[in-house]
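To begin, one chain is listed below as structure tokens, in the form predicted alone.
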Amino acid sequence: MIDINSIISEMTTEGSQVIIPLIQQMLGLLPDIPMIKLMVSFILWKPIFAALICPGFSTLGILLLFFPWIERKLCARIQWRVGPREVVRWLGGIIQLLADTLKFIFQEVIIHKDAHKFYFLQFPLLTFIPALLPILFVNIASADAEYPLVAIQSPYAIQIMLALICLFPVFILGMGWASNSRYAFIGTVREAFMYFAYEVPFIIAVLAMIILFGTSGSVAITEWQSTWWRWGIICNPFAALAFFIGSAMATSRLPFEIPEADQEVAFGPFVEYSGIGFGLVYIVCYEKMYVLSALMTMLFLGGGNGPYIAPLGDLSGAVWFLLKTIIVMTTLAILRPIYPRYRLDQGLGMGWSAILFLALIALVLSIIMRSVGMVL
């Protein structure tokens, strides 16, 4: 049985609450009603705050609402185009994704007669599991914070995040199989080829950073990068480059939009999906981009470390963490208007040669730096 008293006691212990001086006085004006106080304490309880507010589901939901619009407008400006502007025209079409979402919701979901119906409907929903769970292991507090700000604190956080991220292609392959279509099958085969091409260098790059840090706990990694010259991208730029390119390949960002090349194979494994099913598939790639950008921020950009912002209190680290994460996401986004798409053989060649070579150099560099004590 769940002991409510023990949970309340843990919520009210020192360091368990998110302290934000900017709104503390506002919280003091709340009615002296035990239930309201308890609800506020529950939301500000650090594990719940990290899971539901930042970097968790609320932050992810806001980014999913606005970032596709930001990407489309940014890409349009780079290519001297206008981009979406008709939905709330005076704000530049800022809620275009909301209009697209309503369209997906009310469109008919067509399931063709040869599809494996149960799995066809199930896989888009299951894809959200590896997209959401890695966020629970992300620590957004700075190194000088007295207490971490993470939903689940584990000494094996990076390995768990990596294992969940590696589940993404499994569900995508499942979508192509469940569609039971030759066109979806072509995209599925492309996805499988690309999966093996980027997954090995990607894992080696992460392993190099674990060796360099001497730990895989998200809190310890943030503390290790307490100063900017100890950030992962400074200590091991080869691993950072291999990780970034692997992230672009993992999220099918141009120039690695090979499985979903709509001009060639009609959106790859997802060609048979329509309505809300296609809408879920569409936003999953942005969820994965957010997760991988957050992981890159934690491994290479110092996590939540940055100048302390006194009015924000415990949220100071969160602001720096989200700023760095959005910069990484934006950098991934602007690859689209700059580079042309690679052919499948070119993408595979890059994954199994240049990127793998970079990852192996990063691994050797981390081993050398750890063995000679250069990281002390």
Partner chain sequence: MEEGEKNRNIRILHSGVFTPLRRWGTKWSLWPCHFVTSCCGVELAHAFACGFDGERLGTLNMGIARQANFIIVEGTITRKMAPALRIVWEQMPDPKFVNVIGACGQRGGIFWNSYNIVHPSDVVPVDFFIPGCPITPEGLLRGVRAVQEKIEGRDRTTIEFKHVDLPSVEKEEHRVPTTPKIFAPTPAIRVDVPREVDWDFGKEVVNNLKAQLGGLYNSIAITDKNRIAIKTTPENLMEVARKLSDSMGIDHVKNVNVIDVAHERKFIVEYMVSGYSKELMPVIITIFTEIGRETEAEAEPGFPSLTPLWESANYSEREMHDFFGVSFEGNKGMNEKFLLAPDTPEYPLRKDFKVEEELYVLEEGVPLAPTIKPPEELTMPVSEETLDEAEKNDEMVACIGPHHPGSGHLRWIMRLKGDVIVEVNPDPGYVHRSMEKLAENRLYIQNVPLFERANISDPINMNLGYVRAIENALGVEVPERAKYLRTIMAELSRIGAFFYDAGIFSLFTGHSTGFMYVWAIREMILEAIVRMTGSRCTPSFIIPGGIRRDISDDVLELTRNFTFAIDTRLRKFEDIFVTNPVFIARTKGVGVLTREDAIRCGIVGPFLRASGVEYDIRKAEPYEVYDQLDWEATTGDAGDCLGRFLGRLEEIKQSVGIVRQAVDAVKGMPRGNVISEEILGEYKEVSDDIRGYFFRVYGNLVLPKGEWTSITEASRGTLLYSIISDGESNVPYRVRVVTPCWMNLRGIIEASKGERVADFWTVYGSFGYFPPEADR
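Residue numbers count along the first chain shown, from 1. Everything numeric here is computed off the predicted structure, so don't read it as measured data.
Absent from the display: the form predicted in complex with the partner chain. The rest refers to it.
Tell me, out of Ile203, Ile129, Val88, Val170, which residue has a non-hydrogen atom within 4.5 angstroms of the partner chain in the predicted complex. Among Ile203, Ile129, Val88, Val170, a heavy atom within 4.5 Å of the partner chain in the predicted complex occurs only for Val88.
Heavy atom within 4.5 Å of the partner chain in the predicted complex - the one residue of Trp177, Phe238, Tyr195, Phe104 that qualifies: Spelling it out, the residue with a heavy atom inside the cut-off is Phe104.
Spell out, yes or no, whether the shortest heavy atom distance between Pro340 and the partner chain in the predicted complex is within 4.5 Å. Residue-level check for Pro340: yes, a contact with the partner chain.
- Query: Does Glu108 make contact with the partner chain in the predicted complex, using a 4.5 Å heavy atom cut-off?
  - Reply: Residue-level check for Glu108: yes, a contact with the partner chain.
- Residue contact check: Val82 to the partner chain in the predicted complex, 4.5 Å heavy atom: Yes, contact at 4.5 Å.
If we define contact as a non-hydrogen atom of the residue within 4.5 angstroms of the partner, is Glu223 a contact of the partner chain in the predicted complex?
No, Glu223 sits far enough from the partner chain in the predicted complex that none of its heavy atoms falls within 4.5 Å.
- Mind telling me which stretch in 57-65, 38-46, 313-321, 344-352 gets its heavy atoms within 4.5 Å of the partner chain in the predicted complex? Checking each option against the 4.5 Å cut-off leaves 344-352.
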